[in-house]
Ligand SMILES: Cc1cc2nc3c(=O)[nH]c(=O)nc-3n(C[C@H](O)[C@H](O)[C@H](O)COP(=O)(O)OP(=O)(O)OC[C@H]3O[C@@H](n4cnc5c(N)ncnc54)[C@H](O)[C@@H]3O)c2cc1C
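Take a look at this single chain, the form predicted on its own, given in C-alpha coordinates.
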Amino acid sequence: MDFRLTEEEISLREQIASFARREVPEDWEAGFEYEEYCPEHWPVTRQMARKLAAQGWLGMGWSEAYGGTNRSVMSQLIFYEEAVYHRIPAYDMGIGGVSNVGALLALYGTEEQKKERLVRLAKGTEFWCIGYSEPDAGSDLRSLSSQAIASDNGFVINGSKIWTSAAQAADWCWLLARVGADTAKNRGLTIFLVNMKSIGITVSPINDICGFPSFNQVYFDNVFVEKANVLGEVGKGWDYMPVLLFLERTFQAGASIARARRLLDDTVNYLRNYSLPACRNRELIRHRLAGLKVEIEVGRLAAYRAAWFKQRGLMPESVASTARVYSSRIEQGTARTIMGVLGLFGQLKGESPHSRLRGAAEHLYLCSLSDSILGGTTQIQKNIIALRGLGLPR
(Lines give C-alpha, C1' and ligand atoms only; values in the text may rest on other atoms or scores of the structure.)
Protein backbone atom coordinates (compact mmCIF):
# COMPACT_ATOMS: atom_id res chain seq x y z
CA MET A 1 0.00 0.00 0.00
CA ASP A 2 0.97 3.65 -0.49
CA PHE A 3 1.05 5.43 2.86
CA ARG A 4 1.06 8.89 1.30
CA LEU A 5 -2.13 10.90 1.65
CA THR A 6 -3.88 12.33 -1.37
CA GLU A 7 -4.16 16.08 -1.87
CA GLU A 8 -7.82 15.84 -0.89
CA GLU A 9 -6.95 14.04 2.36
CA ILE A 10 -4.21 16.54 3.21
CA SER A 11 -6.66 19.37 2.57
CA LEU A 12 -9.24 17.73 4.84
CA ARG A 13 -6.70 17.53 7.66
CA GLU A 14 -5.86 21.22 7.25
CA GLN A 15 -9.55 22.17 7.17
CA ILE A 16 -10.21 20.35 10.44
CA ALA A 17 -7.23 22.02 12.14
CA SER A 18 -8.43 25.44 10.94
CA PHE A 19 -11.96 24.67 12.16
CA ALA A 20 -10.63 23.68 15.59
CA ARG A 21 -8.61 26.88 15.98
CA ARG A 22 -11.69 28.88 15.06
CA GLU A 23 -14.46 27.03 16.89
CA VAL A 24 -13.11 25.12 19.91
CA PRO A 25 -13.17 27.36 23.02
CA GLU A 26 -9.72 28.23 24.37
CA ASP A 27 -10.64 27.02 27.85
CA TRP A 28 -12.14 23.73 26.58
CA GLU A 29 -10.96 20.91 28.86
CA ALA A 30 -13.00 17.95 27.65
CA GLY A 31 -12.03 15.66 24.83
CA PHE A 32 -9.76 12.93 26.14
CA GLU A 33 -12.54 10.43 26.59
CA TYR A 34 -16.27 11.05 26.89
CA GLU A 35 -16.47 14.06 29.20
CA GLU A 36 -18.12 16.11 26.47
CA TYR A 37 -21.34 14.20 27.19
CA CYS A 38 -21.33 15.07 30.89
CA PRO A 39 -23.74 17.83 32.02
CA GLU A 40 -21.19 20.66 32.34
CA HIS A 41 -19.91 20.17 28.79
CA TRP A 42 -23.12 19.11 27.06
CA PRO A 43 -24.25 22.57 25.81
CA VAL A 44 -20.96 23.11 23.92
CA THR A 45 -21.12 19.58 22.51
CA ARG A 46 -24.60 20.10 21.08
CA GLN A 47 -23.60 23.39 19.46
CA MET A 48 -20.48 21.81 17.98
CA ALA A 49 -22.52 19.00 16.41
CA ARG A 50 -24.43 21.51 14.27
CA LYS A 51 -21.18 23.18 13.21
CA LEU A 52 -19.61 19.88 12.20
CA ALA A 53 -22.75 19.01 10.25
CA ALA A 54 -22.54 22.31 8.40
CA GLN A 55 -19.06 21.28 7.21
CA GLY A 56 -20.46 18.01 5.82
CA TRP A 57 -18.16 15.92 8.02
CA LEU A 58 -20.66 13.88 10.03
CA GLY A 59 -22.19 12.04 7.10
CA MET A 60 -19.13 11.58 4.92
CA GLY A 61 -19.45 7.78 5.11
CA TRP A 62 -22.76 7.46 3.28
CA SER A 63 -24.48 8.69 0.13
CA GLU A 64 -25.87 12.13 -0.59
CA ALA A 65 -29.38 10.67 -0.72
CA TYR A 66 -29.25 10.37 3.08
CA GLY A 67 -27.41 13.60 3.89
CA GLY A 68 -23.89 12.23 3.39
CA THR A 69 -20.98 13.12 1.14
CA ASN A 70 -19.92 9.60 0.11
CA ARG A 71 -16.24 9.97 1.00
CA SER A 72 -13.69 7.21 1.56
CA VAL A 73 -12.99 5.23 4.73
CA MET A 74 -9.57 6.88 4.84
CA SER A 75 -11.17 10.33 4.83
CA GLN A 76 -13.45 9.24 7.65
CA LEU A 77 -10.48 7.99 9.67
CA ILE A 78 -8.58 11.25 9.08
CA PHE A 79 -11.58 13.24 10.28
CA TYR A 80 -11.88 10.97 13.31
CA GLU A 81 -8.24 11.20 14.37
CA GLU A 82 -7.92 14.94 13.71
CA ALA A 83 -11.13 15.66 15.64
CA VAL A 84 -9.76 13.68 18.58
CA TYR A 85 -6.35 15.36 18.32
CA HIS A 86 -7.92 18.83 18.42
CA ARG A 87 -10.44 17.73 21.09
CA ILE A 88 -13.45 18.65 18.99
CA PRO A 89 -16.60 17.37 20.75
CA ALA A 90 -19.49 15.58 19.01
CA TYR A 91 -17.29 14.21 16.18
CA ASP A 92 -18.94 10.78 16.57
CA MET A 93 -22.41 11.97 17.63
CA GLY A 94 -22.27 10.07 20.90
CA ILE A 95 -20.44 6.76 21.07
CA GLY A 96 -20.15 5.20 17.63
CA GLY A 97 -23.01 7.25 16.24
CA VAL A 98 -21.18 8.07 13.02
CA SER A 99 -18.40 5.49 12.86
CA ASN A 100 -20.50 2.44 13.80
CA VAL A 101 -24.24 3.13 13.72
CA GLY A 102 -24.12 5.25 10.58
CA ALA A 103 -21.87 2.80 8.76
CA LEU A 104 -24.06 -0.23 9.53
CA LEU A 105 -27.31 1.58 8.78
CA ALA A 106 -25.91 2.62 5.41
CA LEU A 107 -25.14 -1.03 4.65
CA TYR A 108 -28.05 -2.95 6.20
CA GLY A 109 -30.73 -0.44 7.17
CA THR A 110 -34.14 -0.19 5.54
CA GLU A 111 -34.95 2.75 3.33
CA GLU A 112 -37.04 4.26 6.12
CA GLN A 113 -34.24 3.82 8.68
CA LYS A 114 -31.74 5.48 6.38
CA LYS A 115 -34.00 8.43 5.63
CA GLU A 116 -34.80 8.96 9.31
CA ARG A 117 -31.66 8.06 11.25
CA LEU A 118 -28.86 8.76 8.77
CA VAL A 119 -30.23 12.16 7.80
CA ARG A 120 -30.49 13.19 11.46
CA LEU A 121 -26.97 11.99 12.16
CA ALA A 122 -25.62 13.98 9.22
CA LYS A 123 -27.47 17.08 10.47
CA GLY A 124 -25.98 16.69 13.95
CA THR A 125 -29.35 16.43 15.67
CA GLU A 126 -29.33 12.85 17.01
CA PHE A 127 -26.81 11.34 19.44
CA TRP A 128 -26.29 7.63 20.03
CA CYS A 129 -25.01 5.23 22.66
CA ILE A 130 -24.06 1.55 22.25
CA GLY A 131 -25.78 -1.15 24.33
CA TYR A 132 -23.41 -4.14 24.31
CA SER A 133 -21.73 -4.94 27.64
CA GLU A 134 -23.74 -6.46 30.48
CA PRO A 135 -22.96 -6.93 34.19
CA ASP A 136 -22.59 -10.72 33.84
CA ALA A 137 -21.50 -11.05 30.20
CA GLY A 138 -17.77 -10.34 30.63
CA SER A 139 -15.70 -10.06 27.46
CA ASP A 140 -17.77 -12.60 25.54
CA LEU A 141 -20.40 -10.47 23.83
CA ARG A 142 -22.25 -13.58 22.67
CA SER A 143 -23.11 -14.51 26.26
CA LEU A 144 -25.40 -11.51 26.82
CA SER A 145 -28.76 -12.23 28.41
CA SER A 146 -30.95 -9.20 27.63
CA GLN A 147 -34.15 -10.64 26.16
CA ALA A 148 -36.42 -9.35 23.41
CA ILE A 149 -39.81 -11.09 23.31
CA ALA A 150 -41.96 -10.81 20.20
CA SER A 151 -45.16 -8.81 20.69
CA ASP A 152 -47.77 -7.24 18.45
CA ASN A 153 -45.92 -5.18 15.84
CA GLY A 154 -42.70 -5.29 17.79
CA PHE A 155 -40.66 -6.61 20.72
CA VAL A 156 -40.59 -6.13 24.47
CA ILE A 157 -37.07 -5.85 25.87
CA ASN A 158 -35.89 -6.61 29.40
CA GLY A 159 -32.37 -6.57 30.81
CA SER A 160 -29.56 -4.15 31.54
CA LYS A 161 -26.42 -2.82 29.92
CA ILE A 162 -23.37 -1.41 31.67
CA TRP A 163 -20.46 0.92 30.81
CA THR A 164 -22.81 2.55 28.33
CA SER A 165 -20.95 5.79 27.65
CA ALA A 166 -23.01 8.87 26.70
CA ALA A 167 -26.31 7.15 27.56
CA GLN A 168 -27.26 10.11 29.73
CA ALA A 169 -27.22 12.36 26.66
CA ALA A 170 -28.11 9.96 23.83
CA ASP A 171 -31.34 10.15 21.87
CA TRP A 172 -31.05 6.55 20.60
CA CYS A 173 -29.39 3.32 21.64
CA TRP A 174 -27.86 0.72 19.31
CA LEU A 175 -28.88 -2.33 21.33
CA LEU A 176 -27.86 -5.96 21.00
CA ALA A 177 -30.36 -8.34 22.63
CA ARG A 178 -31.41 -11.96 22.32
CA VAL A 179 -34.64 -13.12 20.66
CA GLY A 180 -35.75 -16.65 21.60
CA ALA A 181 -34.11 -19.24 23.82
CA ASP A 182 -31.66 -20.87 21.41
CA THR A 183 -28.74 -22.31 23.37
CA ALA A 184 -26.16 -21.46 20.69
CA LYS A 185 -24.48 -18.25 21.81
CA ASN A 186 -24.63 -16.40 18.52
CA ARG A 187 -28.17 -17.49 17.60
CA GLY A 188 -31.03 -15.14 18.18
CA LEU A 189 -28.88 -12.06 18.69
CA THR A 190 -30.63 -9.06 17.16
CA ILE A 191 -29.75 -5.39 16.77
CA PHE A 192 -32.46 -2.93 17.81
CA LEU A 193 -32.66 0.83 17.34
CA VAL A 194 -34.12 1.97 20.66
CA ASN A 195 -35.45 5.44 21.39
CA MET A 196 -33.91 6.44 24.73
CA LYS A 197 -37.10 8.30 25.64
CA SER A 198 -39.08 5.04 25.58
CA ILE A 199 -41.10 4.15 28.68
CA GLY A 200 -39.22 1.68 30.88
CA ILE A 201 -35.65 2.93 30.32
CA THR A 202 -33.68 4.04 33.37
CA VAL A 203 -30.16 5.50 33.11
CA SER A 204 -27.94 5.32 36.18
CA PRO A 205 -24.64 7.28 35.89
CA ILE A 206 -21.32 5.71 36.95
CA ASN A 207 -18.29 7.90 37.62
CA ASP A 208 -15.16 6.91 35.73
CA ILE A 209 -11.67 6.86 37.24
CA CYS A 210 -11.28 10.58 36.50
CA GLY A 211 -14.47 11.40 38.40
CA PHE A 212 -16.69 12.09 35.39
CA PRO A 213 -20.13 10.42 35.08
CA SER A 214 -19.31 9.31 31.54
CA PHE A 215 -20.33 5.67 32.11
CA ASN A 216 -23.84 4.47 32.81
CA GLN A 217 -25.84 1.40 33.61
CA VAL A 218 -29.03 1.31 31.56
CA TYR A 219 -32.05 -0.74 32.64
CA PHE A 220 -34.73 -1.92 30.21
CA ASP A 221 -38.01 -2.78 31.92
CA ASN A 222 -40.62 -3.97 29.40
CA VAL A 223 -39.41 -1.50 26.79
CA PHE A 224 -41.40 -1.75 23.57
CA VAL A 225 -39.55 -1.48 20.24
CA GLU A 226 -41.37 -1.48 16.92
CA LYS A 227 -40.48 -4.04 14.26
CA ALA A 228 -39.48 -1.14 12.03
CA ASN A 229 -36.59 -0.49 14.41
CA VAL A 230 -34.89 -3.86 13.94
CA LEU A 231 -31.68 -3.75 11.91
CA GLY A 232 -31.70 -6.39 9.20
CA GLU A 233 -33.14 -9.81 10.04
CA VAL A 234 -34.29 -10.90 13.48
CA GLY A 235 -31.80 -13.33 15.00
CA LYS A 236 -29.06 -12.44 12.51
CA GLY A 237 -27.44 -9.64 14.50
CA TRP A 238 -24.19 -11.53 14.92
CA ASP A 239 -23.83 -11.74 11.14
CA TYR A 240 -23.47 -7.95 11.01
CA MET A 241 -20.94 -7.70 13.84
CA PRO A 242 -17.73 -8.44 11.85
CA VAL A 243 -18.14 -5.24 9.83
CA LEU A 244 -18.97 -3.23 12.92
CA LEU A 245 -16.10 -4.60 15.01
CA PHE A 246 -13.60 -4.03 12.20
CA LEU A 247 -14.67 -0.39 11.91
CA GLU A 248 -14.86 0.07 15.68
CA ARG A 249 -11.31 -1.21 16.24
CA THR A 250 -9.92 0.77 13.31
CA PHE A 251 -11.41 4.06 14.46
CA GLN A 252 -10.56 3.38 18.11
CA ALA A 253 -6.95 2.81 17.05
CA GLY A 254 -6.94 6.14 15.24
CA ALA A 255 -8.39 7.88 18.30
CA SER A 256 -5.87 6.34 20.72
CA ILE A 257 -2.95 7.36 18.54
CA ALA A 258 -4.36 10.87 18.15
CA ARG A 259 -4.61 11.32 21.93
CA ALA A 260 -1.03 10.10 22.37
CA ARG A 261 0.18 12.38 19.56
CA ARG A 262 -1.54 15.41 21.11
CA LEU A 263 0.00 14.79 24.54
CA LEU A 264 3.45 14.31 23.01
CA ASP A 265 3.21 17.49 20.92
CA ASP A 266 2.00 19.51 23.91
CA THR A 267 4.84 18.14 26.04
CA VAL A 268 7.50 18.99 23.46
CA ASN A 269 6.15 22.53 23.08
CA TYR A 270 6.09 22.90 26.85
CA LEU A 271 9.65 21.68 27.35
CA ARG A 272 10.99 24.06 24.70
CA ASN A 273 10.03 26.93 26.99
CA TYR A 274 10.71 25.31 30.35
CA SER A 275 14.05 24.70 32.06
CA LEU A 276 14.27 21.25 33.58
CA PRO A 277 16.03 20.87 36.96
CA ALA A 278 19.76 20.28 36.68
CA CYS A 279 19.28 16.72 37.96
CA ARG A 280 17.26 15.77 34.90
CA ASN A 281 19.10 14.34 31.89
CA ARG A 282 17.80 16.42 29.00
CA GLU A 283 19.43 14.22 26.35
CA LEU A 284 17.81 11.11 27.79
CA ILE A 285 14.43 12.82 27.82
CA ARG A 286 14.92 13.95 24.21
CA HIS A 287 15.63 10.36 23.14
CA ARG A 288 12.59 9.06 25.03
CA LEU A 289 10.31 11.58 23.35
CA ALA A 290 11.83 10.84 19.94
CA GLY A 291 11.16 7.13 20.54
CA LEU A 292 7.52 7.94 21.34
CA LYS A 293 7.24 9.92 18.10
CA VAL A 294 8.36 6.90 16.09
CA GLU A 295 6.01 4.52 17.90
CA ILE A 296 3.07 6.89 17.45
CA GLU A 297 3.70 7.14 13.71
CA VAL A 298 3.85 3.33 13.45
CA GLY A 299 0.51 3.12 15.25
CA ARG A 300 -0.96 5.71 12.95
CA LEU A 301 0.10 3.74 9.88
CA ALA A 302 -1.35 0.55 11.40
CA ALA A 303 -4.76 2.27 11.57
CA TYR A 304 -4.32 3.58 8.02
CA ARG A 305 -3.51 0.05 6.88
CA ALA A 306 -6.81 -1.21 8.27
CA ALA A 307 -8.69 1.61 6.51
CA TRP A 308 -6.83 0.75 3.28
CA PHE A 309 -8.10 -2.84 3.47
CA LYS A 310 -11.68 -1.71 4.18
CA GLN A 311 -11.66 0.64 1.17
CA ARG A 312 -10.91 -2.39 -0.99
CA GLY A 313 -13.74 -4.44 0.44
CA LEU A 314 -11.44 -6.54 2.62
CA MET A 315 -11.75 -6.88 6.38
CA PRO A 316 -9.18 -9.31 7.80
CA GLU A 317 -9.96 -9.28 11.52
CA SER A 318 -6.33 -9.56 12.52
CA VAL A 319 -5.47 -6.28 10.76
CA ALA A 320 -7.92 -4.22 12.82
CA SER A 321 -7.02 -6.12 16.00
CA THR A 322 -3.31 -5.47 15.41
CA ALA A 323 -3.96 -1.74 15.06
CA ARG A 324 -6.11 -1.78 18.18
CA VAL A 325 -3.66 -3.69 20.40
CA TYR A 326 -0.71 -1.60 19.31
CA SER A 327 -2.53 1.73 19.66
CA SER A 328 -3.77 1.00 23.18
CA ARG A 329 -0.25 0.06 24.24
CA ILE A 330 1.15 3.24 22.71
CA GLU A 331 -1.46 5.50 24.31
CA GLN A 332 -0.86 4.01 27.74
CA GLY A 333 2.92 4.04 27.25
CA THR A 334 2.94 7.66 26.09
CA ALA A 335 1.00 8.82 29.15
CA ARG A 336 3.25 6.80 31.46
CA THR A 337 6.47 8.08 29.87
CA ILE A 338 5.40 11.73 29.92
CA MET A 339 4.29 11.41 33.54
CA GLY A 340 7.87 10.36 34.23
CA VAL A 341 9.32 13.21 32.14
CA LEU A 342 7.28 15.82 33.98
CA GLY A 343 8.08 14.31 37.37
CA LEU A 344 5.79 14.66 40.36
CA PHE A 345 4.22 17.82 38.94
CA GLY A 346 2.89 15.73 36.07
CA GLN A 347 0.72 13.79 38.52
CA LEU A 348 -1.23 16.86 39.57
CA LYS A 349 -4.74 17.49 38.29
CA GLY A 350 -5.47 20.44 36.06
CA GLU A 351 -7.02 22.58 38.79
CA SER A 352 -3.77 22.61 40.77
CA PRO A 353 -1.74 25.82 40.28
CA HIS A 354 1.40 23.67 40.09
CA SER A 355 0.16 21.24 37.44
CA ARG A 356 1.93 20.85 34.11
CA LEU A 357 -0.03 20.93 30.83
CA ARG A 358 -3.17 21.58 32.87
CA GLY A 359 -3.03 18.00 34.15
CA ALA A 360 -3.21 16.45 30.66
CA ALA A 361 -0.64 13.71 31.38
CA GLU A 362 -2.36 12.63 34.60
CA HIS A 363 -5.72 12.70 32.88
CA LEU A 364 -4.65 10.56 29.92
CA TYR A 365 -2.77 8.19 32.21
CA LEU A 366 -6.00 7.43 34.09
CA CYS A 367 -8.38 7.46 31.10
CA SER A 368 -6.16 5.23 28.97
CA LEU A 369 -6.39 2.38 31.47
CA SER A 370 -9.67 1.36 29.85
CA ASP A 371 -8.02 1.21 26.43
CA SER A 372 -7.09 -2.42 27.05
CA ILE A 373 -10.80 -3.25 27.39
CA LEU A 374 -12.64 -1.05 24.86
CA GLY A 375 -13.72 -2.80 21.69
CA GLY A 376 -12.65 -6.20 23.03
CA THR A 377 -9.95 -6.82 25.61
CA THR A 378 -6.30 -6.98 24.60
CA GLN A 379 -6.33 -10.72 25.32
CA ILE A 380 -9.24 -11.25 22.92
CA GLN A 381 -7.50 -9.16 20.25
CA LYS A 382 -4.29 -11.19 20.61
CA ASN A 383 -6.29 -14.40 20.22
CA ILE A 384 -7.74 -13.05 16.96
CA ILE A 385 -4.27 -12.11 15.71
CA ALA A 386 -2.88 -15.53 16.62
CA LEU A 387 -5.74 -17.67 15.29
CA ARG A 388 -6.93 -15.73 12.25
CA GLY A 389 -3.86 -13.73 11.38
CA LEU A 390 -1.00 -16.14 12.04
CA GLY A 391 -2.93 -19.41 11.73
CA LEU A 392 -1.74 -20.68 15.11
CA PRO A 393 -3.61 -23.57 16.77
CA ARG A 394 -5.92 -22.97 19.70
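Counting begins at 1, following the sequence as shown. None of these values were measured; they are calculated from a predicted model.
Note that the form predicted in complex with the named molecule isn't included here; everything after this is about it.
Only one of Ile296, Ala122, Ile95, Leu77 comes within 4.5 Å of the named molecule in the predicted bound form through a heavy atom, and that residue is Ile95. The partner is absent here, but in the predicted bound form a heavy atom of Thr164, alone among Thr164, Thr267, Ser99, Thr190, sits within 4.5 Å of the named molecule. For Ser133, a non-hydrogen atom is located within 4.5 Å of the named molecule in the predicted bound form, even though that partner is not displayed. Contact annotation for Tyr34: at least one heavy atom lies within 4.5 Å of the named molecule in the predicted bound form. Among heavy atoms of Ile385, none comes within 4.5 Å of the named molecule in the predicted bound form. In the predicted bound form, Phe215 approaches the named molecule with a heavy atom inside 4.5 Å. With the named molecule left out of view, the stretch that reaches within 4.5 Å of it through heavy atoms in the predicted bound form is, among 223-231, 164-172, 238-246, 148-156, 164-172.
Contacts of stretch 370-385 with the named molecule in the predicted bound form, defined by any heavy atom lying within 4.5 Å, are made by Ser370, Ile373, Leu374, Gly375, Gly376, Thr377, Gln379, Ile380, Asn383, listed in sequence order.
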